[in-house]
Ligand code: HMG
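Okay, so here's just one chain, in C-alpha cells, the form predicted on its own.
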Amino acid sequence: MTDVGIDAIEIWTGKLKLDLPNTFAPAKGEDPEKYTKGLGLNASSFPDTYEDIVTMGANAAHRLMEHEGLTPEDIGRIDVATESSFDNSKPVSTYIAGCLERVYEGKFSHANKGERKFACLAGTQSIDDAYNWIKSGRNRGRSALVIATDTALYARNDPGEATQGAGAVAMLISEDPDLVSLSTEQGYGSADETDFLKPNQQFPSVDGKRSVQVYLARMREALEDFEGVAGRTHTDDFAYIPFHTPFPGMVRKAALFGYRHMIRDTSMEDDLAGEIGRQPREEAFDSEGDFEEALREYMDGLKRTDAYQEWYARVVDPTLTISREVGNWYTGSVHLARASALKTAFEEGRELAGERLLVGSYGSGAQAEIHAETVQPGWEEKIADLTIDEGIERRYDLDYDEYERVHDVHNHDIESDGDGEIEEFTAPESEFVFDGWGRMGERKYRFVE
C-alpha cells in the first residue's frame, strides 16, 4: 500500500514583531512574566501594511514550490484553511493561485481549489481531504498544496490580545512523502460549543475559561476514539506530540492530561504511587466535587514528578519553540508545532526516521482530531530547507504606538480616507504584496522582485 503524507513544508511569518515582555507588558502595566511564563510567549508576529492572508499563503507556497522544483502542472489540488477569510463566495485558494501564476509560465487551471473552515482544525481537515483524494486515485499522479494562513487578531484590550499572531504554513501532500506519512487511524471528539466564534465579525468572541475546558474535553474524546482503532497509547510510543497551540500554556495543560491518561493502569502509575498515590477513580467517591478535588491534587503532584518533567521536556516542549516567538496562527498552529519538533531534532542531529508523532489538532466550536505520523528517511533534507529562522530574525520590532497603528490598518471596521494611511515598516523583496482594490471591491496583488 502506497504511503501518503506531507512531502515538504514551508513557513512564512508576518514581517512585524510585537515584543510581549518588553513592549506590550509595560504598556499594559503588567508583569512581563504573565506572558513569558504564564502564556509561554515571547513575541507575536503581525502582517505589515502590504501583507494579508493571501500574500503570506502565496509566499509560503512559492518558496515551497521553488525548493521542490515544482510547476503548476504538478499540482492537482489547492486547499486553503483559514478563519480570516474576507470573501464569503470566492475561496482564498483562487487568489493564491492567481498570485503564483504571475511567476510561473504554467497555469493552475486544472487544479481543484477550495477553502476549509472549522476554526483552527481546518488545516488538518484539508490535509485529510488531500489524503483521501490521493488514496482514491483521483490525483493522476499529482500532488496537493495545502495552505493554512491566518491573521489571528483580537480587538484591542481583549484578554486574548497577547496571543495574537499572523503567518502561513504551506504543505505538499504526496504519495511516497519525504517528511511524514499519515496513519489510516484517526480519532475524533466533537460537540456543538460556543467557546470561540466569529459570527460575521472580524474579531472573535471568546469565553476563555470555557475554551480551555472544551479544548481539553474534545482532546480527551479524540484520544479515546483514536485508541479504539489504533490500540492503547503509551508514553514511549511517540518521539514528539505536537498539539494545536493557541499559546504554550494551553499545551502544558493538555500534555499533563494526556500523560495521566497514558499511564493509567500501567506499571508507570504503580511506580509513581509511592510518591503521589494512585490516580483517583470516580467510582470511589460519593460526589463529583470530591472526585474533582482529588483529581486536581493528583495532577498537581504528577506535574512535579521527575518522570513527567523528563517526558514533557523530551516529547512536548520541542514542539513549542516557534510558537513562543510568533504567537497563535489559528489553522497553522499545530503545523508550526510539528515543524518545530522536526526542526529541533534536525538541529540536535537526532536520528528520527521511522519514529512516530502523535498529532493533536483542535478547532473551536468544537472538534479535536488525533492521528499518528511516521517520520520518513528524507525528512532531514526537507527540514533543512525551512526559512522560518530567517523570517523571525528579519521582523521589524514595533513600539507600542506603531503596534496600535498597524492593528488599525488590519481592522476592517476602520475605514481610511487615504490621508491617514501609514507607510510600510519593511521593504518587500521577492514576494507577493497587496496592491489595492479592483473595480468590484476585490483585493489585488502583485509580485515585487
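Computed from a prediction, not measured in an experiment: that's the story for all the values here. Numbering starts at 1 and follows the sequence shown.
Quick note: we don't show the form predicted together with this ligand, though the next part is all about it.
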*Which pick from 143, 151, 340, 364 sits with a heavy atom within 4.5 Å of this ligand in the model of the complex?*
364
_Partner-contacting position among 106, 208, 354, 228 - heavy atom within 4.5 Å of this ligand in the model of the complex_ = 208
*Pick from 325-333, 132-140, 184-192, 280-288: which stretch has non-hydrogen atoms within 4.5 Å of this ligand in the model of the complex?*
325-333
*Can all three of 38, 119 and 160 be found with a heavy atom no more than 4.5 Å from this ligand in the model of the complex?*
yes
*asked:* Can you work out whether residue 260 and this ligand are in contact in the model of the complex, taking contact to mean some heavy atom pair no more than 4.5 Å apart?
replied: no
*Is residue 95 close enough to this ligand in the model of the complex to count, meaning some heavy atom within 4.5 Å?*
no
*Is residue 404 a contact residue for this ligand in the model of the complex, using a 4.5 Å heavy atom cut-off?*
no
_If we define contact as a non-hydrogen atom of the residue within 4.5 angstroms of the partner, is residue 369 a contact of this ligand in the model of the complex?_
no
